[in-house]
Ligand SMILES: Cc1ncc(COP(=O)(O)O)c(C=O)c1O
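In structure tokens, one chain follows: the form predicted on its own.
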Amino acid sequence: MYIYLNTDFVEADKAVVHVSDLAIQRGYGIFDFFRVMDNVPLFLEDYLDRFYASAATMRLDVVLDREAFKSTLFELIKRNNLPMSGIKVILTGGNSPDGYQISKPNLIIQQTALKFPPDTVQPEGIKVITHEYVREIPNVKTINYITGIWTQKKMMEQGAADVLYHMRGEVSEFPRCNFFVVKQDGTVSTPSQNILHGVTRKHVLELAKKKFTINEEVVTVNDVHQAREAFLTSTTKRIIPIVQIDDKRIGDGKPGAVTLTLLQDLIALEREERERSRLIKVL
């Protein structure tokens, strides 16, 4: 297996960064993650938009422009030959002279085998719990996941699959996923503030517009308790129904029709994207 580090493709066990890197010293850096299906990176332009925007916000220079980045990525995919996989791109704060100043960032692109989520929804749905917290610079995909990792013990103790952040009664996001509710009138609603704008979230919103009324707005814990359905979205999970939040059941406690419809629409969109990208590559 190969990893791309700054300017070279290196064997995975030889890819290292110095201990003075700000990612190690201060947890300063960004990353992004996307899926590869049949050696085709899905929705690549969307992920690159977010990656370069995150880098700019965090004052980190990306040594590769978009075209050079894509060429490098396709070469990595070719070398590793993992048709179904995930790509993680990390941009660190660089080897800092004093452990505090940003230096020349280290760019890391790594690929790992990834089992794709099933084409059917989880029949039972999942339980989530809430935690009062808002991420720093929430519109950026930073490498800081302290609270998400720290709350894992709390999740396990309560038999929950994930933790939903909120602040003063307004919900925002999960550590690695976006959040949606389906209100009693059938409106599909998702938080608009203090969130990372997920690529899967973007496409689910576009799909939902074709069939339902949608709102990007403030969503409260009370809205969730009164919702007909709730679900999360992410690159690796697609869409997963939520049937319980803390000790409160959502709707009838089963995955709902809107959730099921949007999942099948998302799967179809992924297949279309794969074929479209293949055609562009051939041309």
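Here the structure is a predicted model, which means the values were calculated and not measured. In this text, residue numbers run from 1 along the sequence as written.
The protein also exists as the form predicted together with the ligand; that form is not presented, and the subsequent description refers to it.
Q: Do C177 and the ligand come within 4.5 Å of each other in the predicted bound form, heavy atoms counted?
A: C177: contacts the ligand in the predicted bound form.
Q: Contact with the ligand in the predicted bound form for L164, defined as at least one heavy atom pair within 4.5 Å: yes or no?
A: Residue-level check for L164: no, no contact with the ligand.
Q: In the predicted bound form, does K127 come within 4.5 Å of the ligand, counting heavy atoms only?
A: Contact check for K127: no, nothing within 4.5 Å of the ligand in the predicted bound form.
Q: In the predicted bound form, does G198 have a heavy atom within 4.5 Å of the ligand?
A: Yes.
Q: Looking at heavy atoms inside 4.5 Å, which stretch does the ligand contact in the predicted bound form, given the options 234-242, 61-69, 247-255, 212-220?
A: Of the options given, it is 234-242.
Q: Let me know which residues along 34-52 have a heavy atom within 4.5 Å of the ligand in the predicted bound form, or say none if there are none.
A: Stretch hits, in order: Y47, R50.
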